[in-house]
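Coming up is one lone chain in structure tokens, specifically the form predicted alone.
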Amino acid sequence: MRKLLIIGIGSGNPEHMTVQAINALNRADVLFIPTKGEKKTELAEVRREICARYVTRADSRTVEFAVPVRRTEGVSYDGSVDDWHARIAEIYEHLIGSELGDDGIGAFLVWGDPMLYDSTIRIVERVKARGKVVFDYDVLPGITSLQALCASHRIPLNLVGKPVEITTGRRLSESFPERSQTSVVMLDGEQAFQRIEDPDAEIYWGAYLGTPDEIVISGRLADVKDEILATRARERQRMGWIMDIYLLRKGADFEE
């Protein structure tokens, strides 16, 4: 039976690779590398560098494939994502069926960790449900951008005895700070933090974490939000893309 390995590769630093992930790369006959257009060539380059650095078996090969652009015009967010996943599932199905032999092993190199705000597992399950190609798969965890963010800022993720919420920019106002004193925000294209008015809120922001272009800014939200907005806009213009994440916090470990 064909086998897929869904491998977390960290947030941009090839040294984020775990021993487990490196061993998995060397189990694969075919390494699938997604490309996302000229503006995001760096994302594919990191995957290529990881393969060049860690793959030692001479008979493995890489296959690159284009990721379709998500349609957003005239459709709801859920409908847009559902359609996008369906189109990627068709590509995965073709890759599995055409590039892997009956007992072949293929690997998808997933940015960060496949279990945290990534849809590779969901898409692979779609392919299985279609039933046109028969395969099984394993998931190997990786270093997340959340871990990289906290490490770069030298902060613990949580306040002592208090919960953490991981959310999106679209949902931030529902949780912080009333429901959660620590909110980690991923997938925020609108910089929702600028609408938080709490004077005691602090922010820990990072972009391109783990890469040579890494930028981190922290401080009281009211004091640094304009700097973050300006930096983000400038770097997105320079690079053509941006991957960022931030943690908002209010309170302290030990409060009376």
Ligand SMILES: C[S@@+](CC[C@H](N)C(=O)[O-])C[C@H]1O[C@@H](n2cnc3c(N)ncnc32)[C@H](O)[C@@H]1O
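On a predicted model such as this, the values are computed, not experimentally measured, just so you know. In this text, residue numbers run from 1 along the sequence as written.
Unshown form predicted in complex with the named molecule; subsequent notes refer to it.
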Does any heavy atom of Leu187 come within 4.5 Å of a heavy atom of the named molecule in the predicted bound form? yes
Looking at the partner-bound form in the predicted bound form, is Leu209 within 4.5 Å of the named molecule by any heavy atom? yes
Please run the contact check for Asp118 against the named molecule in the predicted bound form: heavy atoms, 4.5 angstroms, yes or no? yes
Answer with yes or no whether Ala24 is in contact with the named molecule in the predicted bound form, where contact means some heavy atom within 4.5 Å. no
Asp29, Thr62 and Leu100 all contacting the named molecule in the predicted bound form, non-hydrogen atom within 4.5 Å: no
For the interface check, one of 69-77, 90-98, 158-166, 140-148 should have non-hydrogen atoms within 4.5 Å of the named molecule in the predicted bound form; which one? 140-148
Sequence-ordered list of residues in 1-28 near the named molecule in the predicted bound form, where near means a heavy atom within 4.5 Å: Ser11
